[in-house]
Each structure stands twice: as structure tokens, then as C-alpha cells.
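Two forms of a single protein chain come next, each set out by itself as C-alpha cells; they are called structure 1 and structure 2.
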Structure 1
């Protein structure tokens, strides 16, 4: 099977906060139609790495390659968005007292002569939701009345409705959700991947990683210690890299 082209390639990314070296060597390739999971213990550097890709933090060093193999520089969330990278953090950043459709388009509503085209907004929001979930989420419902899993679906649909986005970054998308709600979110992640987007997901749940990820990158002590293909590894092997029982000190190429 031919491996899809790389949308973005991040190599040897570094970030320190004062004297604390949070990330020493972070690398990843993001491919269309693939879900890439980033795993590691607390303090391993995975959240810092995600923030560098999202533009929430500025790297101290490293190489960032974007579309068409061109070197890019992401120094702000605006830079990331303009390059086609969407980010969904744990807090989801949803407006509680606005409708599902309004949240899907929050700040990016279709307009004509300065007026919001509400019907178009609702129709496009419904199409975006159908691409990533089979759940019936009322477009006019207030977000405050939705379950945790439904809220995640609304947040994820923002990336789908904006056709300029090619990558979506997910920070612990199933955290604090029950079994059933997590199942719905995992289905939505598959839906995102199936649209052809590149999905990067941080997760502490290896069970969830093994359900939706194609590739797995393990971080430990601020650097990549393993790059694994989900179909060719096991949860026990991933845990051995996370804990340092296997591959300690060895960095594998992430491509």
C-alpha cells in the first residue's frame, strides 16, 4: 500500500521554560487520512509538542515543513490556522448559550451584506456533523443542553466545516467522559480521519489509541523514544517505551 504524502513534518523541536527543558527532541509526520497518537507519561513533553504545532508556544529550535515541502514557521495560533491546522483543546472553547450551528461557525459565520446567512449556516453545520458522527444532534439546541460526547462532536465539526483545514490536533478528547460517550467521540475521530484530514491525538488511554490510531509516537523525558505502527505493536510494547523499560535513550525515525 502506498503511504500518503506528508502534510506536515516537524523535526527536532525544542522548548524550554526558564531552566526547565520541557521538550528536547520532538518529531512527527502528519499524513492525510491517518490518525497519529502521541502518548507518554505526565511531563513527557507531549502537550508542549502539541502546543508548538498549534502555535500556542514558540519553539526554541527545530524544523517545520509544511505543504509542498516548504519550510514554515508557526509562532502563533493564527499562523497554524492559516496553514490549515485546527486545534481542539480539552476545554473545547464552546459558547454555552449559543446553538450547535452557531458554535460550529463561531467567529466564522457565513454572511451576506453583513447579515448572517442563518439557513446556510445551519445546513452546512448539519452536513459537517454528519461527516463525523451518526448521532442526531439538533442543530438548534443550546450547547449547554448537550452531553460531553455531543459537545466534542460539535467542537470536532468546526474543523470539517472549514474546508481550508487539513489537520486537526486533539488534546485528550475522551478525558472525563464515560464509556458510552467516549465511544461516540472515537467514532467522530474515525469520521474526521475518513474525511482525509490528518489527525493528531494526545491520549492517556491506550485502549482508545489502539481503537483509532494508525501510528503511535511515544514521548519520554522530552524526546521521542519510539515510533510504532499500531497494527504492528501491542499495548504492552507501548507501555514498555512509556516507562523506559524498552528503547530507553534510543530515538527512532518518525517516518
Structure 2
């Protein structure tokens, strides 16, 4: 079996909002079976970078390379989903007043002749949830009644509900979660990685990053300032790149 070295490669991605240069130069390689953490201070451009990959925003420039080495263009959420990229946004992922099963499939329900295949949907949602968490989450429950960790599990199971997804993007998946709940989500992330998916995770928690990540990319002021391997770095080194104490010579510091 030939597994590609790199699923996606994003190079020199740029994005401005009006006069705000949110992202000046963002690059990342997404490898199958690896968890790649993106770290950086508030406003460093991490979420913006993730949104470009997810198709939620259209980039101003940059190169996007797909699994077979050919160039791709992601300009809408559909583009990303069709390329096998699933995205989990913190806080804005779920539709209230909708059930667990409905949220797992939100907008992508299995259907025949325009009619939703409810039974198939519920069965597949249950299977997907079991891949993500050992806890029982009733698929008929309204997501409004779930805890933060359970809600995150529902969003995560979107990545495994069909076999076409090879990459999952996570924006601060453990933010606002308690210790127990974070643990469940981190377990799920490891599970996704171990199935061979490429995982990209933004996090402010270095403890969590060092727990699950294999690769670490540091963003600062809209640029990548460091690419590190977890096995060969320390939290202190990562912090020094985040704060700009290290690697400042490589970038033009603007004040």
C-alpha cells in the first residue's frame, strides 16, 4: 500500500481583511497519521490560516497542493469537503435545536431523490460517534442539552462519518473545556490520527500540544516563524518562538 508522504501542502498563503494583514505568509504540510499543531499568540493569524484551508475564506495568494502533487483551489467549504477536509470550529460548529445525528450530518445528509434517509443517517451517526468517544451520547438528544465535551465529540464525528475525509482541521478544540472533557477530546484526536488521518490543531495549551502533536508550527504576526518536531523541542523553546524572543532575526519585526 502506497501512502502519500504529504496529503496537502499549503505554501505562502496570504489574506487581508481590508487594511488588516491577518495572514502574511502561512505554510504547512499535512501528513497522514500525524497531528500538526499550530501555536501562536492572539491575532497571530492561526484561525485565518485554518479558514483558508477550510474554504471559509478565499486566500489573496499562495499555493495549495493536493494529495497527488497537483495544485488545487479551495474557495468554498464545499471545495474543502470534496477534497476530504473536515473542519471543526470551536463554538460555531453546531446548530441548536437540532439532534446529535442531524448535527453530525448537517448540510450533508444522505438522501435519495431529495428525501433525507433518516434511518441511514441515524445509524451512521451512531457508528461515527462510537469511533470518537466511548461515552454514550444519545443520537436523538438535542445538542443544546449536551456538555461542552459532548458537543465537541459531535463535531469531531463529522470527520469520520464518511470514509472520504483524510484531513481534519481543529480550531482550539479544547478551549473552554474542563480537565475531564479535554481528556476525552484529546483521546479522540489521537484516535483520528491513529486511523491515518492528517490532523491540524490550533491550541493555546502547550500541555495539550505536547500531549498529542507530532509537528508544531509557530505563527507570529501573520507569519510562520518556526517549524518544530515535538520530539526535538521543549515547551520553553516553543514559547520563545511564540513571544518572538527566538527567531526574531528571521522576520522583519514591525511595530
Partner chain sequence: MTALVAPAQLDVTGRRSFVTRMIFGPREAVLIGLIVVLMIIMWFIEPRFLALANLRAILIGSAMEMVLVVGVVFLMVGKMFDLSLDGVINMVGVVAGLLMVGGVPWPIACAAALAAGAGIGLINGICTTTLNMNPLMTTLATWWIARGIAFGLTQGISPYGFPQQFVDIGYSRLAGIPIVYYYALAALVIGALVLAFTKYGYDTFAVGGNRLASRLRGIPTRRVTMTAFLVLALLAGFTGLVYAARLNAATPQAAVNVNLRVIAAAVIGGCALAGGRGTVIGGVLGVLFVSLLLSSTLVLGIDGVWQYTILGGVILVAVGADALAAKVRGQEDLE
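Since the model is a prediction, treat every value here as computed from it, not as a measurement. The term rigid core refers to the maximal set of C-alpha atoms that superpose within 1.5 Å between the two forms. Positions refer to the first chain, counted from 1.
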Form predicted alone: structure 1
For residue 101, is the C-alpha shift between structures 1 and 2 2 Å or more after core superposition?
-> yes
Core aligned, does the CA of residue 144 move at least 2 Å between structures 1 and 2?
-> yes
After the core is matched up, is the C-alpha of residue 134 off by 2 Å or more between structures 1 and 2?
-> yes
What is the Cα shift of residue 116 between structures 1 and 2 once the core is superposed, in angstrom?
-> 6.1
